[in-house]
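Next comes just one chain, in structure tokens: the form predicted alone.
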């Protein structure tokens, strides 16, 4: 059996799947650009390193013919539609390639009136997964290289898109590492759990990479950058670090798309997605609410009802 037909051990995903998705994306991107239906398509192009991929805004049919989808296509491309990244896109309708977690981010941005559905042409991907921090040398997705978020993903199949790329292959069951780790942390005594997170936050160097890659950090000036008055200390000190990460986690509660870009970009390997998952779990338990691929106008933390539970008020 040749390498192209060989299955990625533990995942049951053949490299031919990514080839088929790539061809579908290229064909549709070329078509919509040729017809003038969009002014640009946000997707992925091959990187300089073998088996790498980089986000790109393509505006010509020739460029669209080079678009790819591979295990290296990890970036959440919805980021490039936000006000924080204004000026990088031409005017007019924009095409965008979106995995399931990207679609949740797009839906969230629509619900918060940051983007309009009518301004987008969405090429949704039947996504079997992408690689994590440890990439396979041959570019194939394996049990060792698949991203932790993909092990327990529930958004493999796109919804509400204009075009679907690829056919979802059979996905073998993988151990949900994040769920297991979160359960382990939650089982700790409160003091031990607090010490765990304090130790994690103590490593933060306040590079703000987590903020810069998050689609929901779209403010043109972040509150945490202000000095007068200063809400959160900006230097990498324990108190300021803890405040920053708690504020950020609360800010994402009920909004996080689960793309885990914050954790992937963190140079200090702080398990930020565990914190985001815990907040999402809290919203599900308390309000039966979770981020989805369908735009929702208001979440439970940004609306008020007269019959809201007020038992927490002492």
Partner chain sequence: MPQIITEANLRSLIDSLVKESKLVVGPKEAGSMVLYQPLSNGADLKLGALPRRSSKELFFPICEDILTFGKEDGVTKVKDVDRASFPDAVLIGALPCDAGSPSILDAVFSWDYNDDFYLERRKKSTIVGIACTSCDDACFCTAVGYAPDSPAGSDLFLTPLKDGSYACNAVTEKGEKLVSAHGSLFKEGAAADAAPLAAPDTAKLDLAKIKEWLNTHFEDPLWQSIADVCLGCGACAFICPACHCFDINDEGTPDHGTRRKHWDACGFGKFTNHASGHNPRDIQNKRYRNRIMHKFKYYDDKFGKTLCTGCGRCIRACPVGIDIGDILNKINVQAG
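Note that the structure is a prediction, hence the values are computed from the model and not measured. Residue numbers count along the first chain shown, from 1.
Just so you know, the form predicted together with the partner chain exists too; it's not on screen, but the next bit is about it.
Heavy atoms within 4.5 Å of the partner chain in the predicted bound form are found in one stretch of 153 to 161, 93 to 101, 213 to 221, 167 to 175, which is 213 to 221.
Here is the short version: of 142, 126, 234, 82, the single residue with a heavy atom within 4.5 Å of the partner chain in the predicted bound form is 234.
Taken together, the three residues 49, 75 and 225 all come within 4.5 Å of the partner chain in the predicted bound form, as judged by their closest heavy atom. Although the partner is absent here, residue 27 is not a contact residue: none of its heavy atoms lies within 4.5 angstroms of the partner chain in the predicted bound form. In the predicted bound form, residue 54 approaches the partner chain with a heavy atom inside 4.5 Å.
Contact annotation: residue 255 falls outside 4.5 Å of the partner chain in the predicted bound form, judged by heavy atom distances.
Using a 4.5 angstroms limit between non-hydrogen atoms, residue 265 touches the partner chain in the predicted bound form. For the stretch 175 to 208, the set of residues having any non-hydrogen atom within 4.5 angstroms of the partner chain in the predicted bound form comprises 203, 205, 206, 207, 208, in sequence order.
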